[in-house]
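The structure tokens that follow cover one protein chain in two forms, given apart as structure 1 and structure 2.
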Structure 1
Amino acid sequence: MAEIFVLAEHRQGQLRDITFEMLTKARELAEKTNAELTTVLLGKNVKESAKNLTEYAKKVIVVEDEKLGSFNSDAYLKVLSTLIKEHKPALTIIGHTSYGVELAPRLAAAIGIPLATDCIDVAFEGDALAVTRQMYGGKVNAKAILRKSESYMVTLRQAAFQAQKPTAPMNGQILEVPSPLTEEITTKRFIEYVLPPPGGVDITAAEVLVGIGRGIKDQANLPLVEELAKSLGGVLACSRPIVDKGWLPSDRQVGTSGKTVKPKLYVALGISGAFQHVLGMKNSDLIIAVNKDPKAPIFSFSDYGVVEDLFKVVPPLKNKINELKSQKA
């Protein structure tokens, strides 16, 4: 029977959300193609996680080794290529995360199987594998077919699939495989985790956030939006390019590599709505987006949209709020 591999992603003893998202999608694919679902867990002292995974897969392959104590893509590559060559899974699924992005392309090239990255959908069409990916910052979707192969690999986008438990636990069998790592990995060595610097402002605690993006154009325009945030009793947050440019500190960044926020109000100004940003704010109670591009992806995640130059909308908006507040006072 064909097999589908899911590489369990974990960090500091915790299985990460992407693992369960991948397992949910893999379960659907396995049911459709009558394949067996196997999850692969590499690490050190991971028994607890392995037990947890038995609810989600028919088989849990566990490889424990000192050298797998923290993520090292070269160690992972050696172990996974051994397992993939041996089991020849029809499909191997890895997360499109920082770990997955470092590992998957090199692994696929090393084994000699085709890979599609950052997929938002995957389906077998006969023995071909079709994927859906996004291009141009989410403005266009592409359906692509992978080169014919007996074994395929994909990385799945974070949060593209909603994690669901199987209706009944799958009572998977744990298969402990001896580590094929005979020698020390000398190419790279994990040193330590680096925590983000303690921030001055906790945007996750704010009830109102005014999020600014590259549409703000110039650092000199910050006071204008700062004032709007103040009028609303909120604080400024931003997309990644604003932090990259050094216009706001990194504790203000919303998104996959920043913070996840859920304020009562999120006003998105000049933000295109790349998924890495959207994942950090889409669960806000009320989202109002201002963007001069009517096709900006942000509008599919907002309650209200304004297709207009933000510099035309922000001043009257700020004035009207201030007027109202002074009437009340």
Structure 2
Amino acid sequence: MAEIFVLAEHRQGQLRDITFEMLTKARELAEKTNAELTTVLLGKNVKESAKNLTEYAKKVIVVEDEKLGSFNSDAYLKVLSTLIKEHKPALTIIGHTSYGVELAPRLAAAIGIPLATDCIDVAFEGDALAVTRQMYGGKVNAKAILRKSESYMVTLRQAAFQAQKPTAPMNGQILEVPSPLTEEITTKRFIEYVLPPPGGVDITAAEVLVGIGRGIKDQANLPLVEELAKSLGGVLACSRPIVDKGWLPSDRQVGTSGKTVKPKLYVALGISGAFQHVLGMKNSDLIIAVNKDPKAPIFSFSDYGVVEDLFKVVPPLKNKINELKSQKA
């Protein structure tokens, strides 16, 4: 039976969201092609993570080694090339992350198989693999058919797929494989993991985001919307014009040139909805937009929309939220 490999990505002992997004798409492909879904987990002391992955895949290949304690593309290259040559999976899926961008091209070149990067969709069409990628800053979706090969490799864009648990646990088998790393990796080594500075905000981890755009008009109005974000238990994010003006740091920017987010709630205030911004937040669970222009593109992607000046909406909304919270206290 053909196999589909998914490389599990983890950091600081935690499986990352991209892992479950890839597994969701891979499970769909496996069901359509009658292939076996296999997760590959490399690391040190990862047995607990391996158990979690058995819910999502039929097989979990685990390679434990001190040299795999932190991501090192040289070490991953040696281990994965060995596994892929041995198992010959029909498809290997890697996240289009800082890890995957460094690893996948080298790995595909070392094995000699076709690679498509930054894909937002992938499907088998007969014996060939079809991938969808975005061009011209996301204005065009381009479909490409890769040359026929026994095995393919792709990197999938973060948040391109909504992570979903299988309707029934897969009860996968854990297969522990000896590490092929016999020598120390001397060309590259992990030094340290640098956390964001104190007070820094990771908008990709926030469950509630209040995004602001040109409609905020002036930097002096930031405290007003920041108070709303705090009332909702969230943090402030923004579109590119706000960063260009220097009103918020670049780590708060949502969009193709910023960060891709998928909070439970995204409130867009004074954001027109340019495609560059929408691509970064369209997978949010619930999107509420406030804009005085009824033709603003953001309304096409919103679950709820308010056609009104945000300065007439934000103060009473903030007061009402605080009132409800005080009643529950």
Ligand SMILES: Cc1cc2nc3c(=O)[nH]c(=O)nc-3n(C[C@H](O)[C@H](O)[C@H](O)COP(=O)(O)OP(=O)(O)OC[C@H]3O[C@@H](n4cnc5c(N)ncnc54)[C@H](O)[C@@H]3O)c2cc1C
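Residue numbering: structure 1 sequence, from 1. For the two forms, the rigid core is made up of the largest set of C-alpha atoms that agree within 1.5 Å on superposition. As the structure is a computational prediction, the values presented were derived from the model and not from experiment.
Note that the form predicted in complex with the ligand is the one shown as structure 1, not structure 2. Comparing the forms between structures 1 and 2, the C-alpha position of P178 differs by less than 2 angstroms, with the core used for superposition. Annotation for D244: C-alpha shift of 2 angstroms or more between structures 1 and 2, rigid core superposed. When two forms of a protein are overlaid on their rigid core, residues whose CA moves 2 Å or more are considered shifted, and Q253 is one of them between structures 1 and 2.
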